[in-house]
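Here we start with a single chain on its own, the form predicted alone, put down as structure tokens.
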């Protein structure tokens, strides 16, 4: 394979074009630089600037999340130095919740190390009678489902290479449970666009929603979306909302009735657990 030399002093306005030509065939869409700069220097600067204040409210789309996952994903920061920074700067519930999320990241990496390529298939049977199609629908990929919230989630993903964690959960549940699409199609879609989309966290988080790596499927309702988005889409939405209703009613519509958590057999090296 021929090696392309990229000058270290290449101006930013030329970088996207040169990198795009160098990496031709490895990406889709037009070549462009991400909104957040990459590299070790930028990663250290982002880490230094992050105070972690009010992280406990991270489930709100307006919450003070770190946006450090891209740097962790590409090895520009280590999980140890991020944890050390958190212990030095954060306190109380903000600290414990932040460390809990880092622990989940490490846990997923350990599962990948243990199970390897198996994480790209169902690690367990779904906890309900699932009938999934294999392909990602065109209207989802092109952000034209007609649902303002779902189309916004896809737009955030494709244009910015990032989605808030709650948006990822909502979109995953929408795709798997409402649109009846195999979680692996969503996994591939995320891998195509997410700047922080590693194999472990991506695949196993999708499996958690699908209930192939959890005791029951994750799903949400309209009230949950409205609450944690501060009504961003719900306040002006005029379409018939598929997420409207109480959880018990939606559970019956999606799964044919209550989904009882499946008993987990004891194992000496048990890797299962709740995600929330």
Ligand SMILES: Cc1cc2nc3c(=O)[nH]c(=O)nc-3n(C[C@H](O)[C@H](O)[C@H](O)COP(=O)(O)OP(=O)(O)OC[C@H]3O[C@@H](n4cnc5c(N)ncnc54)[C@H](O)[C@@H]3O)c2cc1C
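Everything quoted here is computed from the prediction, not taken from an experiment. Residue numbers count along the first chain shown, from 1.
The same protein has a further form, the form predicted in complex with the named molecule, not shown here; the description that follows concerns it.
Note that among 152 to 160, 136 to 144, 96 to 104, 121 to 129, the stretch whose heavy atoms approach the named molecule to within 4.5 Å in the model of the complex is 96 to 104. With the partner omitted here, the residue from 111, 86, 181, 194 that has a non-hydrogen atom within 4.5 angstroms of the named molecule in the model of the complex is 194. Although the partner is absent here, residue 68 sits close enough that one of its heavy atoms falls within 4.5 Å of the named molecule in the model of the complex. A residue is said to contact a partner when one of its heavy atoms sits within 4.5 Å of a partner heavy atom; residue 206 meets this definition for the named molecule in the model of the complex. Interface residue remark: residue 168 is counted as part of the site for the named molecule in the model of the complex, having a heavy atom within 4.5 Å. Contact annotation for residue 185: none of its heavy atoms lies within 4.5 Å of the named molecule in the model of the complex. Contacts of stretch 231 to 255 with the named molecule in the model of the complex, defined by any heavy atom lying within 4.5 Å, are made by none of its residues.
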